[in-house]
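Single chain ahead, by itself, as structure tokens, in the form predicted alone.
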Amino acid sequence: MKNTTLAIAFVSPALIFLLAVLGWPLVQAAILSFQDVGVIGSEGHFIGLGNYATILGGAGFWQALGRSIVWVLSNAVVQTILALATALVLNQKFPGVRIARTWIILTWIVPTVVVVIIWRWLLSSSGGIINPLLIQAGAIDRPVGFFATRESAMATLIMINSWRWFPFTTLMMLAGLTRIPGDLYEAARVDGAGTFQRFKRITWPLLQPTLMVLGVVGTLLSFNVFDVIWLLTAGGPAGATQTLPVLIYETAFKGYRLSQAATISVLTTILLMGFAFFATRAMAAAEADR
């Protein structure tokens, strides 16, 4: 009992701080979702579930949710493939591997505005260098507007966001790989197992806990990405890249419907909390089965 009381005493300040910083804004957003506030600072009246009926009954929320799901799944696939391949390479011993492990994180620590400026210049159809390189390689016969069409805009954003975030995922996977005992690989080599068999029987199964954690954290982070999308396309063209965070911003600050934006925020929070709850339960069950 004394140890429990002491532990609560030490943890309480951090919990109170988190409740004040995170819990109070969530409560305020929930209260706002039951009102009809249009602009920040204006008076609102209680309208009950009217905003929820409007949002859930309209097509905008569901379309943005669908685009968010496509965004999250595509980022997860691209980042996992890039990160796993890079982590497997960096897990080997070769000259300069320590330097490579250090500098791989560079694209992740670069400010978002810098990333956007660099890629906007590289992909420009008038002065960028990507189009001339593709033309010289014979891949295209004329400059491509990477942000001009609905399909290319979303694909380009996924590529840019994955390029920025896959180094972080790489380091997490590399940490998981370093925890795999080297004796297992030596024993597999002695038994005649090839590279693919060692990956299939040793690396992939023992890397599953790391991949599951990255799946949960990566989903939550990718779902809430706003800056890259807004700075590059602002949700366009024709709403093709309007994910839920972009829809919330546009509803609040361009449509002047603050309460409806709060409603979308509450619904998004419920979805993400539900995903996190069931994902952690599944991880715990999988860990218990091991």
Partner chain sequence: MRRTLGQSLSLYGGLLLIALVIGLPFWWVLTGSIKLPKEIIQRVPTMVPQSFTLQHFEKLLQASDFPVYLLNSMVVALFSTAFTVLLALPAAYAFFRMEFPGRNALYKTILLAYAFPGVVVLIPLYGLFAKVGLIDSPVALVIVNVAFALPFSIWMMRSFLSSVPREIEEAAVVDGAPTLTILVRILMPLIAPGIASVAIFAFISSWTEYLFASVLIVSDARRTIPVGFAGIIGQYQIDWGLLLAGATAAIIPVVILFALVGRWFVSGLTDGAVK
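Positions refer to the first chain, counted from 1. Rigid core: the largest C-alpha set superposing within 1.5 Å between the two forms. Computed from a prediction, not measured in an experiment: that's the story for all the values here.
One more form of this protein, predicted together with the partner chain, exists but is not displayed; see below.
J.: May I ask you to check whether residue 285 falls inside a 4.5 Å heavy atom distance of the partner chain in the predicted complex?
T.: No - in the predicted complex, heavy atoms of residue 285 and the partner chain never come within 4.5 Å of each other.
J.: Taking 4.5 angstroms as the cut-off for heavy atoms, does residue 196 touch the partner chain in the predicted complex?
T.: Residue 196: no contact with the partner chain in the predicted complex.
J.: Counting only non-hydrogen atoms and a 4.5 angstroms cut-off, does residue 62 reach the partner chain in the predicted complex?
T.: No, residue 62 is distant from the partner.
J.: Just to confirm, residue 252 within 4.5 Å of the partner chain in the predicted complex by heavy atoms?
T.: Contact with the partner chain, yes.
J.: Any residue of 8-22 with a heavy atom within 4.5 Å of the partner chain in the predicted complex counts; write them all down in order.
T.: The stretch touches the partner through 10, 11, 13, 14, 15, 17, 18, 21, 22.
J.: Is residue 277 among the residues whose Cα moves by 2 Å or more between the shown form and the other one after superposition of the rigid core?
T.: Shift of 2 Å or more: no.
J.: Superposing on the rigid core, I want to see if residue 17 changes position between the shown form and the other one - specifically a Cα shift of 2 Å or more.
T.: Yes, shifts by 2 Å or more.
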